[in-house]
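A single chain, nothing else alongside it, follows as structure tokens in the form predicted on its own.
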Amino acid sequence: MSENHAGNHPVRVAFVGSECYPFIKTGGLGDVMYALPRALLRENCEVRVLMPYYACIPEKFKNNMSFRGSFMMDLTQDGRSFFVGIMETEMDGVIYDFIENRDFFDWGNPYTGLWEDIPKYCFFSKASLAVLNYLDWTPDVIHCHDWQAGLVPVYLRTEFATTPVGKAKSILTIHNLRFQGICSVDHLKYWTGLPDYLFDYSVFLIANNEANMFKGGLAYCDRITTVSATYAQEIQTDFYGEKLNGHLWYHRAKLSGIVNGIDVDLWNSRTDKLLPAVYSEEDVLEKKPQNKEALQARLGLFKDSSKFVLGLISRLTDQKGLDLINTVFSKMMNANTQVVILGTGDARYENAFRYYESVYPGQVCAYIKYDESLAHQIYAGADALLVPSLFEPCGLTQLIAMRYGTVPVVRETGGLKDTVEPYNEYTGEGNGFTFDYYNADLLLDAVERCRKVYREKKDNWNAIVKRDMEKDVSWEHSARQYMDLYRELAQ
């Protein structure tokens, strides 16, 4: 696209995904579907978001939607037709089109189980393209998210190739490769109505009678992105590839990574109403100790701002590296260290952290539920945040921690590796403490290096804190990288 053309015509992008904050959110995908389109508007981009009209969307949002039309669409192998309704709303300049069909979206919250979800997202993928044609809104790029939108690139190049929307290019973003949309070949053939030639090893087939929706989308899209550059490399290996590593390696020429941002209005230590004392990089050294003492008081820890406070805000599961923490917990503790844990998950971790709380009264607090205000106060009151994940496509906690001047201690994987530069004791450079192999002793070593700088090299520590607070972790940075990709595709 020439500069001139780019200047006159904003790039048009349709986002297709199964969830979007504030309408429905179960995880990080909902945040991306909300934040990235808003950031793109500021980059001369026209954005529409397409998602299902779930029954569980709160009434206050449904009341602001208007009916844009409806039609019947054939879907299955035996030619059954289904109703497609379009409900629309606008928020902050982004248009949201909700695809309505009671057979598929009037139950579940929003996911139920793979057997039921496969037909639901076959319908959603095909209906998304049909809706764009119906509204006469042809995007330059269709940006699809995770396996639930995996069939969009396939339908785009087959059944919709000769329709107006067929002119669009497609991107498929992998948020977490662990979830893929796998079912029997017959089940997928029936619910997509797609031709037999697509059910071979280069597109859908993964085993004798097993098909994979995500695999087909990755084969047919024009570009694949993941939520960090390191994760894009990792998923081409056996360990991280979730059995699609060979397929991703084959398609590596179109694969790249762009790190997610965070909502810097929501996570802002200057304006955060949930903090006892707000602060900026200018006065962080005076105000952070106040937040620490308020956190200690709230959680029943010994009140002393000179203590080294280590935070953990996480789902309590194996993926998050909690077995490493469990292995070396007692070695991590000393008289000058306090640990604060916030989260829920596997019973064995919940119970382990409750046990440590009883062994170290006044030094450890295990808060086993989710509490938004406490999360904000831990980000502001802790000195360091632990993120020792086994794998982490992007990771948001380390970005939020940096924004609050809390130093991340992370394993070098996925987005953690891309956003945390290890501290160098000779030059003083870096913005966190890292370890490479998934090993409990290496985690312990990283914690000890972090604590040593905190206690013995205060000037270096303060420089790391300020560097973290100055780092650009906003969506604007990511949006500019996506815009480069969209413009390249739209040429």
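In this text, residue numbers run from 1 along the sequence as written. For clarity, every value in this text was computed on a predicted model and none was experimentally measured.
Heads up, the form predicted in complex with a small molecule isn't pictured, but that's what we're talking about next.
Student: In terms of non-hydrogen atoms within 4.5 angstroms, which of the given stretches 355 to 363, 324 to 332, 308 to 316, 196 to 204 touches the small molecule in the predicted complex?
Tutor: That would be stretch 308 to 316.
Student: Leu218, Leu248 and Tyr486 - do all three of these have some heavy atom no more than 4.5 Å from the small molecule in the predicted complex?
Tutor: Checked in the predicted complex: no contact with the small molecule for any of the three.
Student: In the predicted complex, is there a heavy atom of the small molecule that lies within 4.5 Å of any heavy atom of Lys369, even though the partner is absent here?
Tutor: Yes.
Student: Is Tyr404 one of the residues lying within 4.5 Å of the small molecule in the predicted complex, judged by heavy atom distances?
Tutor: Heavy-atom contact with the small molecule at 4.5 Å: absent for Tyr404.
Student: Any chance Lys471 has a heavy atom within 4.5 Å of the small molecule in the predicted complex?
Tutor: No, Lys471 stays farther than 4.5 Å from the small molecule in the predicted complex.
Student: Though only this chain appears here, would Pro110 touch the small molecule in the predicted complex if you measure heavy atom gaps against 4.5 Å?
Tutor: No - in the predicted complex, heavy atoms of Pro110 and the small molecule never come within 4.5 Å of each other.
Student: Of Pro388, Gly395, Gly381, Gly150, which one comes within 4.5 Å of the small molecule in the predicted complex, counting heavy atoms only?
Tutor: Contact with the small molecule in the predicted complex is made by Gly395 alone.
Student: Can you work out which of Thr344, Asn268, Gln290, Ser184 has a heavy atom no more than 4.5 Å from the small molecule in the predicted complex?
Tutor: Here the answer is residue option Thr344.
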